[in-house]
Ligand SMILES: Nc1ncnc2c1ncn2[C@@H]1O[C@H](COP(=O)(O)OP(=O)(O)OP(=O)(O)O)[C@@H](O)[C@H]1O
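Below you'll find only one chain, the form predicted alone, shown as C-alpha cells.
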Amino acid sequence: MRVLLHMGKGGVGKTSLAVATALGAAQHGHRVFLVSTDSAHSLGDALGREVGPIPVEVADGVVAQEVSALIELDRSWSEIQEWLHELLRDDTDELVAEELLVFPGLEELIALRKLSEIEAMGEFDVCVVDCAPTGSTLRLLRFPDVLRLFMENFFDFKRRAARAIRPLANRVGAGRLVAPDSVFEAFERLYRDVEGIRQVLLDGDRTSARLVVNPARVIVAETRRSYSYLNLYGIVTDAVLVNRVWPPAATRGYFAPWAERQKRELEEIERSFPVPRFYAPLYPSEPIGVEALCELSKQVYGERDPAQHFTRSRPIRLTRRDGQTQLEIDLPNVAKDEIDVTVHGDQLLVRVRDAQRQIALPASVVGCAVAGARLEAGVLEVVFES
C-alpha cells in the first residue's frame, strides 16, 4: 500500500492538499483511505461534511477517518499509565499527572498505528495521511529511537529486577512501587506497535513525505529544517507542494511589494528543495468540498497520478569508497557547525541543530574508529577506518 504523509507548519493548507491528493489518486483508479492524525482535525472542514472516528466514504473511491489519538493511546498505554499514575497519586495534582504521563510524540505515533490496520484490510491501494504540524511530527520521529534504546538496554534488566524484589516490596507495603508483569507486557506490545510503524515510515518503496509550504520567509525556513530532519530520520521526501502562490492579477498596486517578496521566496524554495515541486494558486476563496478540491488536485498535479513516486532516494546509505566504509546522510540546508557526530558502541549519534538520531551501525564497522566526517554539497559523509 502506498503511503503519502502530508506534513507542514500549521495553517499552510496541509489538510486541503492532503484531501486534494486523495481525490486525485482516486480519479486515477486507486482505492484511497484518507486519514487525519492531527489532534486538531480538519478533514471535515475541508470536505464540508462531517468526518469522525468512524470511516466514511466521502467520494467515489475515497474513505476518510479522523483518528482519535486518545482512543488509540488508551489501547496501548492505559496499563502503563495506570501504574505510573499510582506512583504519582500522593505527590501530583490529578490533571498534572495526566499531562506528565504522555511522552512527547507518543500520541502522534500511536495514531499512525492506523496505517497497519488499513493495510491489513487489503481494500486500499493508497493511504493519504494528514499529519500533525511539523513540531509534533518531529517529536513523533524521535520517539522510536528513545523507546528502542530503553527496550534494548534496560527492559530485560528492569523486568528481572522487578520480579526479584516484588515479594519483598509487597511485604513492606511498597508493592505499588514495583511494576507488575502486565505493565512489562504492555511495554512489549507498545514496542512492537512502534517498531511496526517505524518500519512503514522508513520503507521508501511505499512511503513518501510531501512537504506543504507557503512562499513566506518564516514558513520556508521551517520547512527547510523539516526537510533536513526527515532525511536525518531516513524518511524520503518525494515532493514539495507550494501552496497559495499569488496569481499575476494580485501582484500589482498595493500588493506589488508583497508579490516581490513572494517571488524571492519562490526562488529560495527552488534552491532549497532538490525534489519535484508542485504549485497551487491562491484562490479568491478557500476551496471547500469535493468538487473544489478535485479542481485543486488538477491545478497541482495536472494529468499526473498523485500516488506515483515523484522521486526515489535513500537519505541514509552505506557505501564503499577507496577501500573504506562510508555512511552518507543527505542534509541539505545545514551548516557544518550545526552537526555533531559521535560513536557509542554500535550506534552512531548524529545531532543536527535540536534534533538527534541514533543510527545502528552494521556489524562490519562496529568497533571501527571514525576516520573523518565532513559535509560536502549537502551530504554528511562519515568515514570509518578499515
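Don't overthink the numbering: it's just position in the shown sequence, from 1. Predicted model only: the values in this text are computed from it and were never measured.
Below: the form predicted in complex with the named molecule, not depicted.
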All three of V12, N243 and Y283 touching the named molecule in the predicted bound form at 4.5 Å, heavy atom to heavy atom? yes
Since the chain is shown here on its own, which stretch among 111-119, 219-227, 283-291, 312-320 would lie within 4.5 Å of the named molecule in the predicted bound form, judged by heavy atoms? 283-291
Is S16 close enough to touch the named molecule in the predicted bound form, meaning at least one heavy atom pair within 4.5 Å? yes
Give a yes or no for D38: in the predicted bound form, does one of its heavy atoms lie within 4.5 Å of a heavy atom belonging to the named molecule? yes
Check whether G234 has any heavy atom within 4.5 Å of a heavy atom of the named molecule in the predicted bound form, and answer yes or no. no
Determine whether any heavy atom of P133 comes within 4.5 Å of a heavy atom of the named molecule in the predicted bound form, and answer yes or no. yes
